[in-house]
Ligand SMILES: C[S@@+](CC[C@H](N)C(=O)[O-])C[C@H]1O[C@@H](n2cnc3c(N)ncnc32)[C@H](O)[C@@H]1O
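We begin with a single chain expressed as structure tokens, specifically the form predicted alone.
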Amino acid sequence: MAKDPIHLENRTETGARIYSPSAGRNQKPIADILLDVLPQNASVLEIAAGTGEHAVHMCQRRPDLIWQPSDPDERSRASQNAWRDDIGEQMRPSLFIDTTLPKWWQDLPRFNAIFCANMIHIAPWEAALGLAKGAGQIIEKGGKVCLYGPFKEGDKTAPSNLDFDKSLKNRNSDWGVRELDSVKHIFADQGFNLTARVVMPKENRILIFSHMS
């Protein structure tokens, strides 16, 4: 996964805190879905947590959660830690995690859930493969993987997502909107079943995978 910032929007900063327009728009609708899925006192690992605004919003709405943000990008981790000042120990200090690295999970504890938003389409496919493999190692039985972003869905794919896919590939040939069936397959290989597919604004989806093995 690239270690330089790869966000696709204009962001503002106050000190170390970075503000994402897209996070500001979608953090509430995403949380409305996920917070009904996560059990009480869940420990959650967020992969590619970006600015940290999703983590703060989730923690503010669910004080029982323990939230572990992460990112391969140093400035993003600094932003997450700056936002953490509003939350305290409920939100853990950010970790360097790059899911393209072998055995990235080996020093981590077990978690009840992984949340990952808008990562697998702006990273090589190896990042998605590594995410699925690591989830199989660190998610408790019955735990969840929650993905948010655009997906291709065969003939039902939104034209805007096809256009987005082309623009991503023009920017980096390793990027692209991923096929839903391919994502389901790599998680099934690690013992996860797709148990929910939620239609979200701007032709995004939330996919909920449950660890059955």
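A residue's number is simply how far along the shown sequence it sits, counting from 1. Only a predicted model underlies this, so the values are computations on that prediction, with no experimental measurement involved.
Although not depicted, the form predicted in complex with the named molecule is the subject of the following passage.
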- Message: Going by heavy atom distances of 4.5 angstroms or less, which of V145, V44, I47, V177 would be at the interface with the named molecule in the model of the complex?
- Response: I47
- Message: Counting any non-hydrogen atom inside 4.5 Å, which residue from K202, R197, R25, R11 sits next to the named molecule in the model of the complex?
- Response: R11
- Item | Partner contact for A82 in the model of the complex: the named molecule, 4.5 angstroms, heavy atom | no
- Consider T100 of the chain shown here, and say whether it contacts the named molecule in the model of the complex, taking contact as heavy atoms within 4.5 Å. yes
- Message: Whether M91 contacts the named molecule in the model of the complex should be assessed with a 4.5 Å heavy atom distance threshold; does it?
- Response: no
- Tell me, yes or no, whether I114 is in contact with the named molecule in the model of the complex, where a contact means a heavy atom of each within 4.5 Å. no
- Message: Can you tell me which of 122-130, 82-90, 135-143, 106-114 lies within 4.5 Å of the named molecule in the model of the complex, counting heavy atoms only?
- Response: 122-130
